[in-house]
Every structure is written in structure tokens, then in C-alpha cells.
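In C-alpha cells, one chain follows: the form predicted on its own.
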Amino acid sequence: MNYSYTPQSGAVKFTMILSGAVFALMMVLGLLMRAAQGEWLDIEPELFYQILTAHGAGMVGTAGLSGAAVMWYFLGRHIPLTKAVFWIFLSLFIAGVVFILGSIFVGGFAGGWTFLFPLPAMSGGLWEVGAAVSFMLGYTLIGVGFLIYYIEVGRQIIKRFGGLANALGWQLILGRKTDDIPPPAIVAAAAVVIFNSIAIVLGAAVLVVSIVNLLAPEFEVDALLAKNLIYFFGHVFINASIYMAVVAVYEIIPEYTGRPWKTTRIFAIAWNVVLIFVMAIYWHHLLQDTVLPAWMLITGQLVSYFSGIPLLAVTAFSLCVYIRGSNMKWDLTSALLVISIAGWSVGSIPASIDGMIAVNKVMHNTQWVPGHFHTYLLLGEVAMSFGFMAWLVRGKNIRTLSGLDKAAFITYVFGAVGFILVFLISGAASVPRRWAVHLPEWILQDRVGTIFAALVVLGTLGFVVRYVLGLIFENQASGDQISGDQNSGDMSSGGQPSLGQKA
């Protein structure tokens, strides 16, 4: 059954307002950090690391929130979803954010978004144990919200398609005849439900034991195991945010090309490969931990090489095929969605380079790494989210890019590309990441990066303001329509609405 509308649209539209506002705020924090590194702004190191922690946690969390909203909206076309579940998920997310922000800007926590054990307990007097506990409790609340979300999505997918294996297209992969082929959105959702649920459960486990260790230091935690669990959780979660948001590409682009995005055998195989790869690729973050078994380090390098193939072969290549000869209609939505796939694809290149053991030893703790993951985010997941926001207020007709839309799009993309290139160039020159104070020879790159960051913020504000205004005009038009219907009813039936009109 294909549901012709999504009854969850109100909750999703509200969530995207929050997402857009927080994206903009976190980008401003990033701008402040670059300006401080470039000595255009004086920020005390203690505050810098608090901002760094908030920026990392905020961007990753908001990427997950916006991706979840995108996927929830389009899944509503294919399976029934319980609206209350989304509100529970959103409420837990907001509660978690309150705990996290309180721990940082009230409690002074500055241990980084990865809460890497045992750093939260080794503050050097900069924050109390309660601040670290509050930070981790906030993460735990957000994780519980996501688990509730995935349980609902998984339950409805299993109910509709008879199991997650069917939803992943196994019948198609095995060559069995079936008239019930899951659409791309379902295949993607089934994969995300599996691997991100595992990541969140393991993340919750390490969060709980870390909290216990903070409150009872005699409770010992294996630091290497904790690091593996933390990086597994963090790496899978941020990847899941992109894999949820890409559903917008599968569902929206066909409106612009006139060609449905179909689930083929290759498409299903690729997503099943992604399901495995996404849970193994985090090992490339541990290549400097020589105490790990050699097979883990080798696997991490190999998976880093091959992980981009399913993406490039299925989503990026397929997008080019769908666009070619289709008389593609271009507006802000289609432009952002296409650039998001391009950015996501290009971002796999510096990630694969960093996954090489010989390179990783030299460059992993440099600005090369924020260069590659800002490519995934700014030109990937965030661009997908902004494209979805533009589509939500597009109206029934596809319009060409207006002058303001072009200005916002060009400003954002130009700023993002420049911002990312400065990170990559600095990383290649061995400029370290996560340093509040920079040496004089690094200042020029910092200042150039600050200028590009300002452009990204301007473009983002353009997208967010456009979206909010679009919702306002949409509500006004809806109110005018209802008023018109009521007036028509008054004239035609003595004050009673005629059949088919809203009372």
C-alpha cells in the first residue's frame, strides 16, 4: 500500500525548524572557533573546548535528528507510523539536549563529543563529576529516544513486509519471484534500523559503565574496550544520519526526472553490503592503537577502501543515470539534493586516504580529519536536510531557482567547498586538530577558513529563513482557503458547509 500523504507532516515540519535553527547555531560556534584560532577573536582555551564539545555534539545530534525526520516523513508513504512515537522520540531528544548544554555551559564540561574514556573523569579541576554525568545522561536520553523510534519503524516494516530480510530485498537478491518488492526508502530504513540500533545499544552500554565509573571510581573499565565501543557508536551513528537523509533523494528526485527510483538487485546488494561495512569501518579510527589485533587494523584499512563503492555504484551513479536525458527540473530542492550526493561521494576520497595505515599515522590527528567529515556533513547530510526543507514548502508546482535562492545556494556551496579545502590543506601541512591556540604559521589558513565559514553561515541563514517564511505563507494560504470555503458554504447552503467542505 502506498500512502498518498504523510499524516506526520506537522511533527516533521516542526522538527526541521529546530534542526535548521540548531544547524545555524552550531555553525556560528564553528565560526567563532576558527576566528579564535586565527586571532581575530579572543576566546579563553577553557571556553574554546566547551564550544568545541557543544559544536561536535550539536552537529552530530542534529544531523541524526534531521535524518530521522526525513526518513520518518517518507516512510509514512509506505507504512503506517504511530504519531505519538515520534513525539516521544523528539521529547527525549530535547530533554537530552538540555542535559548536554547544562553540563557544558553551566558545569563546564569540555571533554569532547566522543566522551572518550577516561577523559571525562580527568578534568584537571575544570569540571566536576556531576557535569560529566549530566553530559552522558543527555546522550543516554537521546539514545533511548532513537531506540524507541527504530523499534516503531522496525515493527511496522516487519508487519508490512514479513521480516527485515524481505525489506532488505533478499528475495530479489536470491532471484526469487516476488510481486512485493520493497521501495528504496524501505530498503534503506531496514538497514539503518539494524546497524544503528546495534550501535546505540552498545553506546548506551559504554555510557552506563562510564557513569558508574564516574560515581564509583573503584569500578574498573577496560579503556581499550571502551574506546572501541565509543568509536563504534559514534562512527555508525553519524553515518546513519546520512543514510536516513538520503531517503529524500530516493523519494523526491523522481518528481523532477519523471522516472521512479526502483529497487533493483544491485541496489539491494549494495545496501546489504553497506549494512556490514558501516559496522566495520570504524576501525580506521583505531589504526594508531597498535595493541589491537593486526587483523582488525588490516580490516579497517581494507573496508575504508571499499566502503565508497556501494555509495558510488548505486546512489551517485544511479542519480547520474536518472538525470541524464530526463529534462531535469531545477529548483533549490533539486540543486541541494544533487550537490549532497556529489559532496557525499567526494567526501569518501579523503576518508579513504585517511584510512591508509601509512597516512593515518601522520595525518589522523591533523585537520585533514575535520576536512573529510565536514565534506560528508556540509555537502552531504546537511545539504540533504536543507533540500528536504525547501521541498516541504515548495508547493505543488516546481519553480525555477529565484535570484535569492541562487544567491543562498552559491554562497553556501562556495563557502562549504572553501572551508573544507582549507581544512584539507592544513591537514596535509600537519596542522593539528582540536587546538585552541595556533602557531603564527597557521594563522593565515585559520583566517581564510573563517571567511569561508562566514559564507556557510550566511547561506544557511538564507535556507532557514526561507523555510520559516514558507511555512508562514503556507499556513496563511491554508487559513484563507478555509475562510473561503466557509464563506462559500454560507452563501450556498444557509450557513452550513456543503458536502465535502470542512466544518
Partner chain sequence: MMFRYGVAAVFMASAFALSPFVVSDPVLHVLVQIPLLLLSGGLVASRITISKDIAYVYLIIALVTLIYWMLPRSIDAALSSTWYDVAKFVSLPLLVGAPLALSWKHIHPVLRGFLKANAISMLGILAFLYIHAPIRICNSYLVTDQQNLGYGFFFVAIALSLYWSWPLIFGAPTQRPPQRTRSQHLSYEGTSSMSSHPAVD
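Everything numeric here is computed off the predicted structure, so don't read it as measured data. Residue numbers count along the first chain shown, from 1.
The form predicted together with its partner chain exists for this protein as well; it is not shown, and the discussion that follows is about that form.
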Query raised in the report: Judged by heavy atoms and a 4.5 Å cut-off, are N166, L225 and L229 together in contact with its partner chain in the predicted complex?
Result: yes
Query raised in the report: Is there a heavy atom of F161 no more than 4.5 Å from a heavy atom of its partner chain in the predicted complex?
Result: yes
Report task. Indicate whether A407 is a 4.5 Å heavy atom neighbour of its partner chain in the predicted complex. Result -> no
Query - I148 within 4.5 Å of its partner chain in the predicted complex, heavy atoms - result: yes
Query raised in the report: Looking in the predicted complex, any heavy atom of V209 within 4.5 Å of its partner chain?
Result: yes
Report summary line: For its partner chain in the predicted complex, the stretch among 153-161, 239-247, 94-102, 381-389 with residues bearing a heavy atom within 4.5 Å is 153-161
Query - I173, L401, V221, V273 - the one with a heavy atom within 4.5 Å of its partner chain in the predicted complex - result: V221
Report summary line: Interface check vs its partner chain in the predicted complex: of L214, M279, V85, L137, the one with a heavy atom inside 4.5 Å is V85
